[in-house]
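Before any questions on binding or motion, here is one chain by itself as structure tokens, the form predicted alone.
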């Protein structure tokens, strides 16, 4: 079983957590920078994870960085952006073979620490600007990602619904920012913002190793002593602002399938109760929404539910025929009403607990998932272990789930109406 050691501060606004599990044969390091979002910085935030893992001052090209990682027994060094309420997290993750298994006795951990710290604190930049061609390539990758997002109509529908629900807050900004903002990014502006992030971000470092590696905390503490730190305050709990009336927006595009996304908000529901509610209502193939809308009544092609814990919202989205739009909305309301009335089985409750326990057990088989689960707990302030959460789920009652469902308030509805579908109907 993994053994988590108490987190400690290794610098101003820098928290370090170590998890040891002897079953792993490799090590994993996650360095997360928490940042505030705004329209001007969102696109640069999306660019930086790709840019900073592509090269560094020591390995100033993608080819050299890739070769170095290959020589370290095919180690990985990847970056990604995750949205957290109104803020975001730039996550840099490295994984490498544990030193005990190096064929020539190489100090792999020390070498990976040099690579990661070098990439973050000494990036591929000169004269206050990131260098080409790596900057130009990563910027084009970002523009391509934004273009691809436009072609994913389900994702587009969810982003438009989020923009409608979170209007006026940073959470309404698209994950990768806008294309117009991305086109304007300069090497100088990106480097300037990264230097600001190094100074002001709250930094979470999590390590999963099969054996003690005290040098990791020491190396990061030493490296960041050279950075003039003034960390900002972050609170990831940012509830959706209540609206006086439900916002409804519709857009028509020449697509073959109408999309519907309905957003509901709530004020405060215990995490374990919300997990049970979401599982019973829409997370699984035997949940009420899927069974009734898709399987029994054939009103949709798919029906999914997503929960944003930090924004206190749930999203229900469906792919439908335009002619069934009103029937779908009525059936969603009917299934929500069923949960409010406690009209679900004991078997559904038990399955919800077992699914969570199964996923939690599976997470412990992966160093990446183990680190992500720990970092999620730290970020939310809910430090209960998966085992403790499983037990909390078992204690949730039918009445608690029903009362939680009554707290869900309709907030926003976005409809992507298929023009092509309507034209075909008119032709008939």
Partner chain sequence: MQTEIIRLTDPCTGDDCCRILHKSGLEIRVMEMSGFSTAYAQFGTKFGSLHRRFRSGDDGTVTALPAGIAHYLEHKLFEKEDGDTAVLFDAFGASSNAYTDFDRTVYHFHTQQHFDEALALLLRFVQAPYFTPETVERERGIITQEILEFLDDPTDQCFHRMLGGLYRNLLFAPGVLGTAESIQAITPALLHECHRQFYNLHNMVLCCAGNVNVQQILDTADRVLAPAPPMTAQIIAPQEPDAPAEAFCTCQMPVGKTMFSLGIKSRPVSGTERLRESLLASLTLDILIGSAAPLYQRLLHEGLLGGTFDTDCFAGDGWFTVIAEGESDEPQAVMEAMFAERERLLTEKPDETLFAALKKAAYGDSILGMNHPEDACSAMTDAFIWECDSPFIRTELLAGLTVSDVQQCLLTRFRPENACLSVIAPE
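Residue numbers count along the first chain shown, from 1. Here, rigid core means the biggest group of C-alpha atoms that superpose within 1.5 Å across both forms. Predicted model, so just to flag it, every value in this text is computed and none were measured.
There is another form of this protein, the form predicted together with the partner chain, and it is not shown here; the text below is about that form.
In terms of contact with the partner chain in the predicted bound form, the residue from 134, 272, 91, 204 that brings a heavy atom within 4.5 Å is 134. A heavy atom within 4.5 Å of the partner chain in the predicted bound form is found for one listed residue only; from 235, 180, 242, 358, this is 358.
Contact with the partner chain in the predicted bound form holds for none of 38, 200 and 215, as no heavy atom of theirs lies within 4.5 Å. With a 4.5 Å cutoff on heavy atoms, residue 123 does not count as touching the partner chain in the predicted bound form; it lies far away. When the partner chain is considered in the predicted bound form, residue 62 lines it closely, a heavy atom lying within 4.5 Å. Within 4.5 Å of some heavy atom of the partner chain in the predicted bound form lies at least one heavy atom of residue 320.
With a 4.5 Å cutoff on heavy atoms, residue 167 does not count as touching the partner chain in the predicted bound form; it lies far away. Heavy atoms within 4.5 Å of the partner chain in the predicted bound form belong, among the stretches 185-193, 170-178, 327-335, 291-299, to residues of 291-299. Taking a 4.5 Å heavy atom cutoff to the partner chain in the predicted bound form, the contacting residues in 358-372 are 358, 361, 362, 364, 365, 366. After superposition on the rigid core, the Cα of residue 271 moves by less than 2 Å between the shown form and the other one.
Core-superposed comparison between the shown form and the other one: the CA of residue 97 exceeds or equals a 2 Å shift. Annotation for residue 226: C-alpha shift under 2 angstroms between the shown form and the other one, rigid core superposed.
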